[in-house]
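Single chain ahead, written as structure tokens, the form predicted on its own.
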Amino acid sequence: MNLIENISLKPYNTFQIDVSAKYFLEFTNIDELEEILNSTVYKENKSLIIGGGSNLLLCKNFDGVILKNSIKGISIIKETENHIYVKANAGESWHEFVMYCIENNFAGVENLSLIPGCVGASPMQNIGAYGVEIKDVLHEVEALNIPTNQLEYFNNEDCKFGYRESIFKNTHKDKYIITSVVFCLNKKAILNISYGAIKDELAKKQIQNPNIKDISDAVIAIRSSKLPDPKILGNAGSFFKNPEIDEISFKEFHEANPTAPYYELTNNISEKQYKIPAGWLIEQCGWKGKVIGNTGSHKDQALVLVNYGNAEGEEIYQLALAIQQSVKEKFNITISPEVNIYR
């Protein structure tokens, strides 16, 4: 167990916020993790588990122990006539895992290309993009129960997935450490090109019969054109979730804003729900491209808050609060952070 004290966390969060941690421990397998959980430094301090640090806003120094999940490895655990089950350990880069699937012609995650972060965070957040979410491909999650030090297994239904939500983000928060995820992928691709941006990108490249690599390339091109590279400009991708509103609220909103984009949700049987793009709401409030001090809303995507070099976490947090307030005042809609905030 290699304990590091008073370490800067700037390299470990994509916002590039320069705060420090009192203690830092990295684990590369379950035995090392169990050793850490049984250690005095862990038991006597508060803790925070990180992977790629891509969905994290740190507003102050962390007076505790940071646990860096670096368990690597990808393996095929079983096959059927139509499906292949691939196990990826939690410390694997999500995008590199997607590229592995593309190279081996395993279909199902191509729409999720270029999402930052690690595999372990994917079920926690129920990450999604361009019509696909983790819940569509997840078979099983392996996680260590922190109080009991026992490995437990969660199937798709157990995870209680919602929009950027799971049991690991709410009722089981801080009770488990995800160690690996098994994905059920297709041997024969069932392509999802329902989003107009993907269709437009394929048309631009004159691709009429796309394969999963074509879809992945299209998604990478779209994301690269709209989202800043966190290695160059600190950010955590989309800062806010797209709000979902009920039918009564939607009618009021649509009457006042007839040209606003929206998506009717079909997974709620009891009553209709509508999703409004948070980026559009933020842009209409005049935030797109606006710079305040060392932070601001990105010029190409209002949904992305950025660190222009020397921003403190609290500075970005206050910007987020101001954006939330202006959207609420203008549209009577509440937008919630997708990013995990530690203050």
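We number the residues from 1 along the sequence you see. Everything quoted here is computed from the prediction, not taken from an experiment.
Beyond what is shown, the protein has a form predicted in complex with a small molecule; the following relates to that form.
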| item | value |
| --- | --- |
| Heavy atom within 4.5 Å of the small molecule in the predicted bound form - residue from 218, 101, 137, 90 | 90 |
| Listed residue (282, 306, 50, 65) with a non-hydrogen atom within 4.5 angstroms of the small molecule in the predicted bound form | 50 |
| Which of 176-184, 205-213, 153-161, 80-88 lines the interface with the small molecule in the predicted bound form (heavy atom within 4.5 Å) | 176-184 |
| Interface membership of residue 311, the small molecule in the predicted bound form, 4.5 Å heavy atom rule | no |
| Non-hydrogen atom contact residue 236 with the small molecule in the predicted bound form at 4.5 angstroms | yes |
| Heavy atom of residue 166 within 4.5 Å of the small molecule in the predicted bound form | no |
| 4.5 Å heavy atom contact, residue 115 to the small molecule in the predicted bound form | yes |
